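Before any questions on binding or motion, here is one chain by itself as structure tokens, the form predicted on its own.
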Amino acid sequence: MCYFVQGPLVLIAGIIFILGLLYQGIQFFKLTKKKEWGVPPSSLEIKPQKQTKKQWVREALRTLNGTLWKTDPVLTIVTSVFHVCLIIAPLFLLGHNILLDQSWGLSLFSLPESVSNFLTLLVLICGLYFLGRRLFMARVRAISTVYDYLVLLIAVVPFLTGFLAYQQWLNYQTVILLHILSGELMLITIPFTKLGHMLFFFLYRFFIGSEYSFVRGSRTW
């Protein structure tokens, strides 16, 4: 069991993760189409001006300020911290990079263990905040389903078990096995659940034209 979880299942989870992302990316472009902008006859000769970097940054900040920050600034901050830590912590964790180097001969930049520990705690605190909103805010609780709680659990458990393993609380072998299993489950489910929005966020914000887009958007559903 331990050999399968720590060996073949890691490879299986990685393959499903990559193929799932490729499939969802292809589906995105198949289900969307290029926008056809209407052009008045008098402006047919006018060439559209390219958006400068300064204009793009200004537009992105305007979008964030107008649609997210003003709606719920606390949720915006917590969500941003959660997503950043959720990606950075596992990618640049020293232990993960050591295993990656031993298995594939590859490694990324590693953060100091104290920093990784702090990022993990931030993920857990943010997870508690999201859970609290779903349990105690009537308007959020009303639209929450078992699926929402499961997705949150799948996202947080790898960090909780990783933190427990690092602190060597409870039985280390059991906790580390649960950590590996939960991490593999998270990888497998990312392309097929709400967790995928962490990676497809950029596709939606840069390609789909809407009030939440960072740019004008060149595609529509």
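Start at 1 with the first residue shown and count on from there. Bear in mind that the values here come from a model prediction, so they are computed numbers and not experimental data.
There is another form of the same protein, the form predicted in complex with protoporphyrin IX containing FE; it is not shown, and what comes next is about it.
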>> Contact with protoporphyrin IX containing FE in the predicted complex for residue 166, defined as at least one heavy atom pair within 4.5 Å: yes or no?
In response: yes
> residue 113: heavy atom within 4.5 Å of protoporphyrin IX containing FE in the predicted complex?
Replying inline: yes
> Taking heavy atoms and a 4.5 Å cut-off, does residue 125 contact protoporphyrin IX containing FE in the predicted complex?
Replying inline: no
> Going by a heavy atom distance of 4.5 Å, is residue 107 a contact of protoporphyrin IX containing FE in the predicted complex?
Replying inline: no
> Quick check: do 95, 134 and 152 each get a heavy atom within 4.5 Å of protoporphyrin IX containing FE in the predicted complex?
Replying inline: yes
> Though the partner is not shown here, which residues of 171-186 have a heavy atom within 4.5 Å of protoporphyrin IX containing FE in the predicted complex?
Replying inline: 172, 176, 179, 180, 183, 184, 186
